[in-house]
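Only one chain comes next, encoded as structure tokens, the form predicted on its own.
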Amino acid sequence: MDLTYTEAEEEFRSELRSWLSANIPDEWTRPGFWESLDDDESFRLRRDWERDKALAGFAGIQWPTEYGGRGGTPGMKAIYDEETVRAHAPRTVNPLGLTFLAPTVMAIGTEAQKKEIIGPMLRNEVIWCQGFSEPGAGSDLAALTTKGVRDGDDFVVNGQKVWTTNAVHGDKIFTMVRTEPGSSKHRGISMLLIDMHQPGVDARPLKQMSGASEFGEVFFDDARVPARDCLGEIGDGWRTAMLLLSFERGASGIAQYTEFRRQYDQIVEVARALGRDKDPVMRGTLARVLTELECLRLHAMHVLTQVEQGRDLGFEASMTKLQWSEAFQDLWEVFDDVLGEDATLDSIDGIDLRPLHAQAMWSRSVTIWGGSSQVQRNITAERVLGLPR
């Protein structure tokens, strides 16, 4: 495991820090700022800021230069993840497109798709959603029922997707559709790229318990998509989806560790302000969580080392998702323990708890989306450890 960065990577860190310092207003870094905005205003500010960041050369860090990227190393991408979190940079508004769709298009897209998709996505001119989950097909993606019927040069699509991030702000959606009548399970599925600004596509927000509406549901009612807007081969969408999801495997967990460590310090500050840091049981609980976070940091550096050496992590990526999501959830369970019966209050002794409550509520979701902990354990057991089904 290599815990160091090269001289060129450290120079990149310095350059990035300078840009972030000059381009993130102080008010954006104050606790509760983003929670004080409505969803539309928050989205607009983040979209504009991210576009400016891309134009300054701080986007697509590992993307090839011919696609508008920086052509950087895995170490530079890790530094980017770390420094943007430390600087309280806004969250991306195009996470699924940038993480999953773009590298898939680079790998198997047609020349026309590469031209039409990658540049506009990097500059946030087009916001992409992912349409995988359905009311009856969550972790079991192969159970999807949304259908696409061929009509000349188009597919006519009918069905419903749910838990779609940025559904109400999305311009286009890459979605899994059953395009071969009578097919089942993994066969006969295609990944279609559908324009959401057309008759027959209806995106509706879903209110979360935090009050935000990051997710939505999308209804297709005779929506049309040209057959040329299929990513990969028609009927071979399962293979395309597996390739697309594989691009998460290079994520080391460094960004998560950096964010969680800062949140840990905030929770400790609350414990001290309330005088609960002197309880030996509470101190032991805080120490246990801190140890868990430091294990995450070391695992993240291990993964980064493997990626830099060109190793395909494959199904071991499930271990990373399992580790960071459960560490995050454990962290915010400790927050509830610190507050005790005061956990329902918005403030206590002059401390505004609302931003922390929002994170605590969000933590409940992370062991579900992106593959639930149960699914990740099955993958790790069967594909990494070789245990029987």
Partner chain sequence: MFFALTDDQREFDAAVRGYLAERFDLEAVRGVVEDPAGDGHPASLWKAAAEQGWPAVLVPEEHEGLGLGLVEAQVIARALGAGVAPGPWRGTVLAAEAIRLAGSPEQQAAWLPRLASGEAVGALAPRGSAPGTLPAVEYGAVADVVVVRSGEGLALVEASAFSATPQGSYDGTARLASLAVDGTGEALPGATAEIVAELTARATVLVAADLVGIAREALSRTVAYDRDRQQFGVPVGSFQAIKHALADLHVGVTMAEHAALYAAHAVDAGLPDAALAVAVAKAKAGDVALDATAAMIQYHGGIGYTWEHEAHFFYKRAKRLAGQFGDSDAQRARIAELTIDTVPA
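Numbering follows the first chain given and starts at 1. Treat the numbers as computed from the prediction; the structure is a model and nothing was measured.
As for the form predicted together with the partner chain, it is not shown, yet the points below apply to it.
- Contact check for residue 378: a heavy atom falls within 4.5 Å of the partner chain in the predicted complex.
- The partner chain is not drawn, but in the predicted complex it has no heavy atom within 4.5 Å of residue 363.
- Though the partner is left out of this view, residue 286 does reach within 4.5 Å of the partner chain in the predicted complex, counting heavy atoms only.
- With a 4.5 Å cutoff on heavy atoms, residue 301 counts as touching the partner chain in the predicted complex.
- Looking at the partner chain in the predicted complex, residues 125, 165 and 353 place no heavy atom within 4.5 Å of it.
- Here the chain stands alone, but in the predicted complex its contact with the partner chain, taken as any heavy atom within 4.5 Å, falls in 321-329 among 321-329, 26-34, 345-353, 53-61.
- The partner is absent here; in the predicted complex, the one residue of 112, 142, 149, 295 having a heavy atom within 4.5 Å of the partner chain is 295.
- When you look in the predicted complex, the only residue of 277, 195, 217, 83 with a non-hydrogen atom within 4.5 Å of the partner chain is 277.
- Taking the partner chain as positioned in the predicted complex, the residues of 371-389 that bring a heavy atom within 4.5 Å of it are, in sequence order, 374, 377, 378, 380, 381, 382, 384, 385, 386, 387, 388, 389.
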